Ligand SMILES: CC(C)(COP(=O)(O)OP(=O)(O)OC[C@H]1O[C@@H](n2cnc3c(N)ncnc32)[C@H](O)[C@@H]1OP(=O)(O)O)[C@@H](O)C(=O)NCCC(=O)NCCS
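The chain below stands alone and is given in structure tokens; this is the form predicted on its own.
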Amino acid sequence: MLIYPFKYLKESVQVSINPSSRGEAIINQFSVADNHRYAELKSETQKQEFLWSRAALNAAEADLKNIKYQGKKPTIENAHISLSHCKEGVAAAFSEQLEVGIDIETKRENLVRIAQKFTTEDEIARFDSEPHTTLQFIWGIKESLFKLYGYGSVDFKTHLEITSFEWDPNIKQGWGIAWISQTCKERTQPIQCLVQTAMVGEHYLCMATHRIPTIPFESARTVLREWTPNDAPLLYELNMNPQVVRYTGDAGFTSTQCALNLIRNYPNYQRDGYGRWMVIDKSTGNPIGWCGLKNNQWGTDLDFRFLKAEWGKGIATECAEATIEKAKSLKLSSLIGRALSENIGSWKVLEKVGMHRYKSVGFEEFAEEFNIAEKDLDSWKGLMLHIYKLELT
């Protein structure tokens, strides 16, 4: 089946589930390595499973003639593949951009009995699905993370953690963020992954993906890079200054740990390929704020936030210009900017970098569509929301 079963990454990952073809015609497309591997199989069941898996990879647009092996794991140069089998089920994933792991399962009655070996009560509490479905998906997510990691020696409970998860019972799909904390010489740092789940007939399907971090880029005085856990104190400091967050609608963090939780669960890099980037002062090496992009329902939003000590130096304009160039390299078609009428510094930056104000609406009109805190509704009463756009293509 070629219908993409997940919410995100349809343009980046090809997925095939239970293709109808299991015939030996697929043998004609085998690589030399696969021909050797197939010839070594002894049982007819193993051969049929092998053929079905290659049919799934073929349907996922992988070039079978390029398959080689890393140990027992099939690989394709300059691309990523993953396979999974279960009773009367096979799934394959292929991506030229993202590392990927996939898992397909039928109902496993023993998961309740062994749950304490692969998950925790805190992890289970992040799921809003029926108890057995929750365990099925936690198990499947961790299987897909294990396959993505690819180097063994992984404890499902200790080294694999699902830190956030959202479930839509209407479409029977879910997604969240997970971390692989195990390291080795090939993977020297913990990695964040986007995880997705879906019910496909009677099968539980799970996929994990990892996008290589964005290479840091520069403006004249700064370096912009992805957030890391070490940035939690800076985010805490930013959001605790009422002048900095006056026009943002964001609440202050109650602790540095809350800021760290935001960073760990931040999905944008893995989901969209971009996000808010930490801004580092080249002269000191210290973080001074953030600037970047966010994929919102109204478009891709350009925004920035800096420590008050950095205001009035032209840093925001400089970083916004660098972000626009990065957006162009990402092939984004346009950017949106928004600022309240009293937030003169912000909307002047948007105009300096070439954005065109195409609409201003009363804040009350805008607030009807969004969940705005009562304190902000009161303090922003009577203001206009200026909305800007910049075409990139």
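All residue numbers are counted from 1 along the displayed sequence. The model shown is predicted, which means the values in this text are computed figures rather than measured ones.
One more form of this protein should be noted, the form predicted together with the ligand, which is absent from this view; the next part is about it.
No residue of the trio G273, M278 and K326 has any heavy atom within 4.5 Å of the ligand in the predicted bound form. Proximity to the ligand in the predicted bound form, taken as heavy atoms within 4.5 Å, picks out 297-305 from the listed stretches 264-272, 185-193, 75-83, 297-305.
Among the residues L293, L148, A316, A259, the one placing a heavy atom within 4.5 Å of the ligand in the predicted bound form is A316. Proximity to the ligand in the predicted bound form, defined as a heavy atom within 4.5 Å, singles out one entry of T163, T248, T133, S219, which is T248.
Though the partner is left out of this view, G345 does reach within 4.5 Å of the ligand in the predicted bound form, counting heavy atoms only. Of the heavy atoms in A60, none are within 4.5 Å of the ligand in the predicted bound form.
Not displayed here, the ligand is kept clear of L111 by more than 4.5 Å at the level of heavy atoms in the predicted bound form. Shown alone here, E310 lies within 4.5 Å of the ligand in the predicted bound form, counting heavy atoms only. Taking a 4.5 Å heavy atom cutoff to the ligand in the predicted bound form, the contacting residues in 326-340 are R338, A339.
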